[in-house]
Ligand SMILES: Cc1cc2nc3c(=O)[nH]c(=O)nc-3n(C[C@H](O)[C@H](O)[C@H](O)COP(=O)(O)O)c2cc1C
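As a starting point, one isolated chain is supplied in structure tokens, in the form predicted on its own.
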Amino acid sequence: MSAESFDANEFRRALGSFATGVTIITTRDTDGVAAGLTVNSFNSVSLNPPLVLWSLSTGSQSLPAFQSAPHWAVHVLAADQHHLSGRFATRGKDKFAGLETDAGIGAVPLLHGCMARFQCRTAFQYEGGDHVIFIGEVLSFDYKNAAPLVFHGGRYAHATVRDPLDLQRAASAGTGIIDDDFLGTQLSRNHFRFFGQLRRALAELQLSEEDFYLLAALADQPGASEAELGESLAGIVDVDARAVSASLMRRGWIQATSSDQNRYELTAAGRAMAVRVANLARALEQQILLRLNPGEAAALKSLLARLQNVIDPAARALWQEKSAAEEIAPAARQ
């Protein structure tokens, strides 16, 4: 395809196939007013001298502030800072409202919680088509070990560390269904091991897995009927809501609501037990997730949620992600 026949939207999609990190660039204009925007065009240029670059649309409202600024700062965002990315990609609002910042070189505001921060002196500015390219000399920097916020194909993505052993397994995978490369094996084995630990704790409280889930469901949905409880737990555990609710009622943990005998709620003792088992489950979850590398826990949960939507598209989505294209794309026009 020749440059003359480029479709701008298709060209943007093609460029989006290159995964990038996400940054926020901040500065102060000539009146001392803080300015900032979300950018994913950041890149390194040189180690000696230490130079970095990024670009900004010539139609951006923020362009005059950066063109006149002697200093600016680049903030490389961590995986849990996508909301901050959206804030600084939105026009017409005080992006710094309510945020704690440090004063950097040239009084440039520095954001907290980022993977890395580079404080720069404007070294060069170049016209680059419909963008201005800013090259900065890095005067100071700081960083921490964290998972990065990644942008790919117009959406946020996850980056995780790949274990070399995983690559070896994938390369040598056989045709069986019980090896570690088979998805069913991985899901079954991890579910069995995870709940094996929880079942032992539940057994000490004389609770079954079905009891645990019904207590949790009623804690989230007080006043639910047996049909609603069964629907909530469908696909999670094979439970006869009528039998389990009758058992929990005999133990004094749930009761019929005062307004409808066909709907249930936790008693005071039931609420205490629900809190207790929920704390046990969350503690177990944290013990496991802490063994993963930074960012892998979030990646794992979001991928499993997406897998659920693929396997059972009729199920209610467990999460809803705003299109990152709506958040980052405006940064080029601010």
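Because the structure is a prediction, the values reported are computed rather than measured. Counting begins at 1, following the sequence as shown.
Just so you know, the form predicted together with this ligand exists too; it's not on screen, but the next bit is about it.
Do residue 68 and this ligand come within 4.5 Å of each other in the predicted bound form, heavy atoms counted?
Residue 68: no, not in contact with this ligand in the predicted bound form.
Residue 151: heavy atom within 4.5 Å of this ligand in the predicted bound form?
Contact check for residue 151: yes, within 4.5 Å of this ligand in the predicted bound form.
Evaluate residue 26 for contact with this ligand in the predicted bound form, applying a 4.5 angstroms cut-off between non-hydrogen atoms, and reply yes or no.
Contact with this ligand, no.
Does the 4.5 Å heavy atom contact test between residue 253 and this ligand in the predicted bound form come out positive?
Close contact is absent here: in the predicted bound form, residue 253 is far from this ligand, nothing within 4.5 Å, heavy atoms only.
Which among 34-42, 303-311, 267-275, 284-292 is in contact with this ligand in the predicted bound form, heavy atoms within 4.5 angstroms?
Answer to the contact question: 34-42.
Would you say all of 186, 195 and 232 touch this ligand in the predicted bound form, counting a heavy atom within 4.5 Å as a touch?
Heavy-atom distance to this ligand in the predicted bound form: none of the three under 4.5 Å.
Of the options 190, 101, 90, 225, which one has a non-hydrogen atom that comes within 4.5 Å of this ligand in the predicted bound form?
None of the others qualify; the residue that does is 90.
Enumerate the residues of 48-64 that have a non-hydrogen atom within 4.5 Å of this ligand in the predicted bound form, in sequence order, or give none.
Heavy-atom contacts to this ligand in the predicted bound form: 55, 56, 57, 60, 61, 62.
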